[in-house]
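Heads up, the chain below is alone and in the form predicted alone; it's given as structure tokens.
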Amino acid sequence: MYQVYPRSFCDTTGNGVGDLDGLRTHLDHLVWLGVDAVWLSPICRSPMADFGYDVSAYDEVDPLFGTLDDLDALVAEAHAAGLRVLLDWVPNHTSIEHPWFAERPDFYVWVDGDPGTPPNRWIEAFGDGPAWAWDEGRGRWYLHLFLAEQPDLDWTNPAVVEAMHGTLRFWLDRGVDGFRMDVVHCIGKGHDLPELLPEQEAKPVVAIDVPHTHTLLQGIRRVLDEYGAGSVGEVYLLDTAKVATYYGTPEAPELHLSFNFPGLWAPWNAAVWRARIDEVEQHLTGPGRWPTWVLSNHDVPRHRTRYGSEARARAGAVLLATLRGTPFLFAGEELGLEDAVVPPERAVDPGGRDGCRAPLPWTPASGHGWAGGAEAWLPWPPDAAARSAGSQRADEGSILWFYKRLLAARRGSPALRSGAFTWLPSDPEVLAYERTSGSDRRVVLVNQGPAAAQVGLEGAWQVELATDGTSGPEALEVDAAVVLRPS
């Protein structure tokens, strides 16, 4: 999966902001590189207080990026090139300029109270102010986990559920293949808004984890399944065991994929990474639980900047592309880009994330392949000319070619693409698969019911039993065919 931040990808109009036609122009780059799908950060109409994550119309493309016709053309050309297209969907909140805020106040989370005292001590994600704003006209507080311009939707209202399902159908009917779902773990909150526990952070966006969200995700999954569409959730919980629950179960599936963020914050340290990988293997195995891996995105410093050298960035790319799971690349990662140095007078993002969002250089010439006219909306990254796609495409020793060869190796290996395992037939209560690594063969059993499982396997095999999420390796030597049955 290849993430495009449209504002920074390529400008074809000369206004200094990337657009949909800029992505269409460079679809050949994605095909040459060897990615399978592209995820676009928000393109819906927005006043851009949070650069598209404050949606004022879910069924329109913001004019900065183009038109619905441009989006349709992009999807058609991407499909013709063998690429799938995912859009960013923002279900937790809207812009305060969305018509719903004026016309359907019942769509949002409101609490009565004293105008001088917020309902609780929740802190917004940006800054250290309260996650509440007083609406003078209505004489009530409304919740905003992010900016005051981003009021939170109330998903306990069935009308909100219906309306938001409708926003999915709008894009699915236009041929979009799925969605990246912004802070989707937060949608289940309603009017029961307790203080956070002492061990939790003051910012609830990293702590909200309520059972009702899973019911909502099951409903969203049913909509996606009607279209054969996919989902990847931004579940911003730094606990892999909790993240695993957002995949649901085979009987009640939820997300197809969920971001696994602890690795995104892991330092350049082998022991830390080993622990991260072991944690993922403990919690994200079994049917319907396929991990994701990511080193960079639009919210954090690029891993080339964090790791401190191109050599480490290349090694990180090998790790990313060879672990079991789906790797996500952030546009420009394949160029080895570092964060731009953004002077205070050019900083625009409320979350201080401008550096990683710097424009992509396509050519070494002045303007770097962007249309002439206005200055790019952010400064260029360091060494933009040498780091440009054109310069590196001409050098087979570049990191760009390194990524191309790496993705080709991944594509050519069934083990790297889907893991060296085979599902085994089993009783409905018992789900099992065989994993092969060299001469080591293991059968992993995941018991979905209250009973334990017995297994008989021909020869001496390593067996790992997992019951209700708890793993315990055992070695069994038996002389029998494969037998899977509840005890």
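For clarity, every value in this text was computed on a predicted model and none was experimentally measured. Start at 1 with the first residue shown and count on from there.
The form predicted together with ligand GLC is left out here; the points below concern that form.
> Within a 4.5 Å heavy atom cut-off, is residue 302 in contact with ligand GLC in the model of the complex?
No, residue 302 sits far enough from ligand GLC in the model of the complex that none of its heavy atoms falls within 4.5 Å.
> Heavy atoms within 4.5 Å of ligand GLC in the model of the complex: does residue 234 have any?
Output for residue 234 is yes: heavy atoms within 4.5 Å of ligand GLC.
> How about residue 65 - does it come within 4.5 Å of ligand GLC in the model of the complex, if we only consider non-hydrogen atoms?
Outside the cut-off, so no.
> Quick check on residue 208: any heavy atom within 4.5 Å of ligand GLC in the model of the complex?
Heavy-atom contact with ligand GLC at 4.5 Å: absent for residue 208.
> From the candidate stretches 408 to 416, 177 to 185, 102 to 110, 136 to 144, select the single one in contact with ligand GLC in the model of the complex, where contact means a heavy atom within 4.5 Å.
Of the options, only 177 to 185 has residues within 4.5 Å of the partner.
> Tell me, which of 306, 283, 298, 368 has a heavy atom within 4.5 angstroms of ligand GLC in the model of the complex?
Comparing distances to ligand GLC in the model of the complex, the residue within 4.5 Å is 298.
> Just to be sure I understand the contacts: of 357, 189, 324, 84, which is the one whose heavy atoms reach within 4.5 angstroms of ligand GLC in the model of the complex?
Selected residue: 357.
> Contact check in the model of the complex: 58, 60 and 169 versus ligand GLC, with a cutoff of 4.5 Å between any heavy atoms. Do all three pass?
Checking in the model of the complex: none of 58, 60 and 169 is within 4.5 Å of ligand GLC.
> Considering only 50 to 79, what residues come within 4.5 Å of ligand GLC in the model of the complex, judged by heavy atoms?
If the 4.5 Å heavy-atom criterion is applied to ligand GLC in the model of the complex, 50 to 79 yields 50, 53.
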